[in-house]
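Quick setup: one chain, the form predicted on its own, written in structure tokens, and binding and motion questions come after.
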Amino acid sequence: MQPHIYSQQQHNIPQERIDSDALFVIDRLQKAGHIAYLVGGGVRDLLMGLYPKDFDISTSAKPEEVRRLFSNSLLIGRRFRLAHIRFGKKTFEVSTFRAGDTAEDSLILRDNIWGVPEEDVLRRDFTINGLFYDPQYKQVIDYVGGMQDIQHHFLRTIGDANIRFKQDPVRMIRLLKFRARFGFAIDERTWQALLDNYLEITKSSPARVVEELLRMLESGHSLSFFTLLEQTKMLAILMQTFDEECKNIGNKELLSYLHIVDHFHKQHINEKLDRTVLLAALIFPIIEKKLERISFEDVSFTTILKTAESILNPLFHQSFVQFTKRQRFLVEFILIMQQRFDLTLKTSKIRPRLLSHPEKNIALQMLFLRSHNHELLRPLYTQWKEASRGEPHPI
């Protein structure tokens, strides 16, 4: 299997965008006699003119050999054994080239059969993530047509999509993630395979699914992503209560805060809203809709609490995705605090006790989002923000 090799003149990857510590790791591996490349999303992002968040490395060195070469490394994983090499706050993931039968359509439980680059690339998910970059020769190595798919804005799996999704159903969520992030067209066979196999997602680790959902809430493309989840019926599998509310209230209204969340993250690339605030932003429109039936004067702490619990209980306990008890507690706190803030619309008085609460900032983040959805709340947010001046505040 011969790869297509793209030279520096053909791919135009700017070397200065590659992390110097990643280059150091690859150089040491190569000098020790191993093959070592940048791989995956980092190569994809460099080719698209983006700044990669991660620089993953793939090598012929076995995990134990990597560990011996780097004292700042740690071996992790059983199902998928690899090394993490740390430089201060940065961590580089170093995986060994894998081999194995890619035609097997059962869930991959262990994947520690070592191979060569052309075998390893066939184990990866999508062609746009199946590219190697060799910084020594400044070459992109393409076994799967990923370079052309990036140029043509096209998403397709490496190999049979039905098999790939059964081997690792989280790949279906990742497909929607790339569609939402990049706006790429999805190959017809790949799209049909997702529609045919979406129920396979229940075979995934709930923790992995939750992490993908939370990352997308932070991505600046959460509105498109959750719309795709709803359209493909996966939202009904992952968050049944939320999906039912989508149908009752309407997708556009229910996801209205995600537009604001996305705008914030696009404007503040290096800042992230707290994850519990992002979960609250999903849930708050449901509460708003339920409270519309109650007059402002009758909306009390008890009303808010009961309304929040009627939504949070099934969402946190009857969904495939499982959030932590602390996340549940903080989301409930954020939602209830909104009523506390709203009370000052009547009195115009700030309650000092609320400013002393250790979690007040995440509640203020939610008020910030609400103030962009309701013009009436903008002076209220400004008032509370000014009252908390002098203390750490993310917005």
Ligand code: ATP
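Numbers follow the displayed sequence, beginning with 1. This structure is a prediction, so every number in the text was calculated from the model and none was measured.
There is also a form predicted together with adenosine-5'-triphosphate; it is not shown, and the following applies to it.
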- Task: Mark P63 yes when one of its heavy atoms lies within 4.5 Å of a heavy atom of adenosine-5'-triphosphate in the model of the complex, and no otherwise.
- Result: no
- Given that the partner is absent here, does D187 sit within 4.5 Å of adenosine-5'-triphosphate in the model of the complex, heavy atoms only? no
- Could you confirm whether S256 comes within 4.5 Å of adenosine-5'-triphosphate in the model of the complex, counting heavy atoms only? no
- in the model of the complex, does E332 have a heavy atom within 4.5 Å of adenosine-5'-triphosphate? no
- Is it the case that D27, H34 and R86 all touch adenosine-5'-triphosphate in the model of the complex, with a non-hydrogen atom of each within 4.5 angstroms? no
- Item | Option from 334-342, 364-372, 41-49, 66-74 whose residues, in the model of the complex, bring a heavy atom within 4.5 Å of adenosine-5'-triphosphate | 41-49
- Query: Taking adenosine-5'-triphosphate in the model of the complex as the reference, which of F264, F178, Y198, F320 has a non-hydrogen atom within 4.5 Å?
  - Reply: F178
- Task: Please pick, from D125, D142, D149, E245, the one residue with any non-hydrogen atom lying within 4.5 angstroms of adenosine-5'-triphosphate in the model of the complex.
- Result: D125
- Residues within stretch 158-178 having a non-hydrogen atom within 4.5 Å of adenosine-5'-triphosphate in the model of the complex: D168, R171, R174, K177, F178
